[in-house]
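Shown here is one chain on its own, the form predicted alone, set out as structure tokens.
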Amino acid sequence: MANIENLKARVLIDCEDAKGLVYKTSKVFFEQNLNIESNREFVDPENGRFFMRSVVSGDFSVAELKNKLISVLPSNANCRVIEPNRKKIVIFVTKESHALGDILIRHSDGELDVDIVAVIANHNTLGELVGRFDIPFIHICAENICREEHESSVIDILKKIDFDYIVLAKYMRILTPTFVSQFDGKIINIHHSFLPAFIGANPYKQAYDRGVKIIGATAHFVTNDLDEGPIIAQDVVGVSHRLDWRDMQRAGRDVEKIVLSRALSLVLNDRVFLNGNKTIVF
């Protein structure tokens, strides 16, 4: 007999659009005597794709609820029933501390509901900072070895760790297609510009040379197209001709911290759907 207990769950559905989907899913919730605490849906008209995120509570079996939902949805529908347990992340860093430090402080203050299981770095610069928060710091040196050999060592470590997402908190290395393919949809990066503008190295110098009036940051999922993965969150801040590129960089770092934190909160709370090279964010 299915294990039935009082639960709260996030129900995530994406499928081919069809008439009556909201009615059919709501009917399942009603028949299971569930309370719908929140519900949002969206239809992508170009691709005919339906997306819905519901939060339900009551006495139910996760497996049984999922099966009943699948029975009323179009074939090949993606349906997830997720209990809101704390997720686990691994953070990759190089030398810059601002993005990592912000995550560590928010985690320590209970603002970011996540378990940080490890920080992996290709330099040991930030080991002392991480140590203050009693989180494992793993230094895997990348000097004098090829990229593939370094990533192989990183993967060996990751195989021993239970985690949900990898967070690139200013990890200044380009990941190989082999690495990215192993963690498809599980790698989140913070990019130091408002993509798609000023990709690549030193975007603040690029922005200064162009005379921009706003600078920004972009958090996105990593794909094999450099800095072109599905965007999760973005923000900007105004600048003027009075600032040189280093001033812009300092302002940009503040935006980077905010955007990365916002993106993590969205992903960790199951509010982000992948839709091709776009995201649907509820």
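One rule holds for the numbers: they count along the sequence shown, beginning at 1. A quick note: this is a predicted structure, and the numbers were derived from the prediction, not measured.
The same protein also exists as the form predicted together with another copy of the chain; that form is not shown, yet it is the one meant from here on.
- Judged by heavy atoms within 4.5 Å of another copy of the chain in the predicted bound form, the contact stretch among the candidates 83 to 91, 113 to 121, 150 to 158, 96 to 104 is 96 to 104.
- Of the residues 142, 212, 138, 77, just one reaches another copy of the chain in the predicted bound form with a heavy atom at 4.5 Å or closer; this is 212.
- For the chain shown alone, residue 183 is not a contact residue for another copy of the chain in the predicted bound form, no non-hydrogen atom being within 4.5 angstroms.
- Though the partner is left out of this view, residue 66 does not reach within 4.5 Å of another copy of the chain in the predicted bound form, counting heavy atoms only.
- Within 4.5 Å of some heavy atom of another copy of the chain in the predicted bound form lies at least one heavy atom of residue 232.
- Within this chain, residue 70 is remote from the site of another copy of the chain in the predicted bound form, having no heavy atom within 4.5 Å.
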